[in-house]
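Presented below, as structure tokens, is a lone chain in the form predicted alone.
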Amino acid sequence: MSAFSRFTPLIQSLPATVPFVGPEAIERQRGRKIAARIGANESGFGPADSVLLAIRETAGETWKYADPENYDLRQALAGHLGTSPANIAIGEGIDGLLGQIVRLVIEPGMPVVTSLGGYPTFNYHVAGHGGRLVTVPYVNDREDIEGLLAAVKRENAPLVYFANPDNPMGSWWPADRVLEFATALPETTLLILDEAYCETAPPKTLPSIESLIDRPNVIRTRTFSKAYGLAGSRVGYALTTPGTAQAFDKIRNHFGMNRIGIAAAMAALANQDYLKEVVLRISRSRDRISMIARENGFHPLPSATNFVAVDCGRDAAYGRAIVDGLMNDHGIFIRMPGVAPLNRCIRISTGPDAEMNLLEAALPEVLGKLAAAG
């Protein structure tokens, strides 16, 4: 008997892969410690002191499972957002929620619409459940709303993914256009509206909570991983109708959330003054990244996120050489988009001044070395 015959044909057909190569793996592969971790869109500014205190106070209770109903966090989020706890589902970051949503909707062979070059972890989940990806290219470095809608209707797709603001380009659409898109979709199509970067978005980017909360074919996903500084805690949530939210209870890991992460998320939510401070620091760091880019002859794209996509003006090979040069020679970890034409860019996460200083000093050296090599 084959060693792999125990697996389903679908699983046998899939490669063993990781959507993102982590900075830890890069350190192991290259034998160099990272000096500036500005590639994974984490918050180098970290969580509030009140959050760290909540983590310390909860650590002694880590022997307990977390509440499988996530009652306290759902209550806190409902109060913060002005909705009902019944409209909220909790998950292990947006990545965990995406996998559950795909599982709820997609059977092998079903079409799933997304943007070409958009968030690759979503594609990973679609492949893992046998879905057929239908991709729509970006237009002017922005997700193509009209193209996504046309693809949904052409394919009669049961699921479409749209991020606003988006990763990897940092672009965004105004709330009225997002609402138009959501309401134009067929009732048979479920929209994942990924709002991971909602806290850093400009005013009038996010549709109001009440404008979409009654639509059973819309799930908005948000996270504590970005502006709140809790990427390692893995806490995300979905906003939707009570009926759609309850569907998660059919398949989710009811003990999947960790008690310390839940306590950290609640403390973070309670400290909105710190969130405002971090959002301001993110904005200043975006400006610093843009300045560094321009000083080196590059074009920084406008960003509504905690990173900046920088157009290097050439091709993917050049972008990759910059990414590798920064890491290999200086220990500066950044990333780049995965497909053309987006991969003419590099993507740099915001961070503290010390890391920006390292970037500012290293980037001219890397570019000089590349120029000398021809």
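From 1 onward, residues are counted along the sequence shown. All of these numbers come straight from a predicted model, not from anything done at the bench.
This protein has a second form, the form predicted together with a further copy of the same chain, left out of what is shown; the following refers to that one.
K.L.:
a further copy of the same chain in the predicted bound form: within 4.5 Å of a heavy atom of each of S50, G331 and N357?
P.N.:
Zero of three within 4.5 Å in the predicted bound form.
K.L.:
Choose from 188-196, 132-140, 203-211, 277-285 the stretch whose residues reach within 4.5 Å of a further copy of the same chain in the predicted bound form, heavy atoms counted.
P.N.:
So the stretch in question is 188-196.
K.L.:
Taking heavy atoms and a 4.5 Å cut-off, does Y124 contact a further copy of the same chain in the predicted bound form?
P.N.:
Judged by the heavy-atom cut-off of 4.5 Å, Y124 is in contact with a further copy of the same chain in the predicted bound form.
K.L.:
With the partner left out of view, is D67 within 4.5 angstroms of a further copy of the same chain in the predicted bound form by any non-hydrogen atom?
P.N.:
Heavy-atom contact with a further copy of the same chain at 4.5 Å: present for D67.
K.L.:
Examine G147 and determine whether its closest non-hydrogen atom to a further copy of the same chain in the predicted bound form is within 4.5 angstroms.
P.N.:
No, G147 sits far enough from a further copy of the same chain in the predicted bound form that none of its heavy atoms falls within 4.5 Å.
K.L.:
Can any non-hydrogen atom of G243 be found within 4.5 angstroms of a further copy of the same chain in the predicted bound form?
P.N.:
G243: yes, in contact with a further copy of the same chain in the predicted bound form.
K.L.:
Identify, from the list P302, G256, P174, P120, the residue with a heavy atom within 4.5 Å of a further copy of the same chain in the predicted bound form.
P.N.:
It is G256 that has a heavy atom within 4.5 Å of the partner.
K.L.:
Which of these residues, A157, I292, M266, L239, gets a heavy atom within 4.5 Å of a further copy of the same chain in the predicted bound form?
P.N.:
Only one option qualifies, and that one is A157.
K.L.:
Since the partner is left out here, which residues of 75-108 would have a heavy atom within 4.5 Å of a further copy of the same chain in the predicted bound form?
P.N.:
E92, D95, G96, R103, L104, V105, I106, E107, in sequence order.
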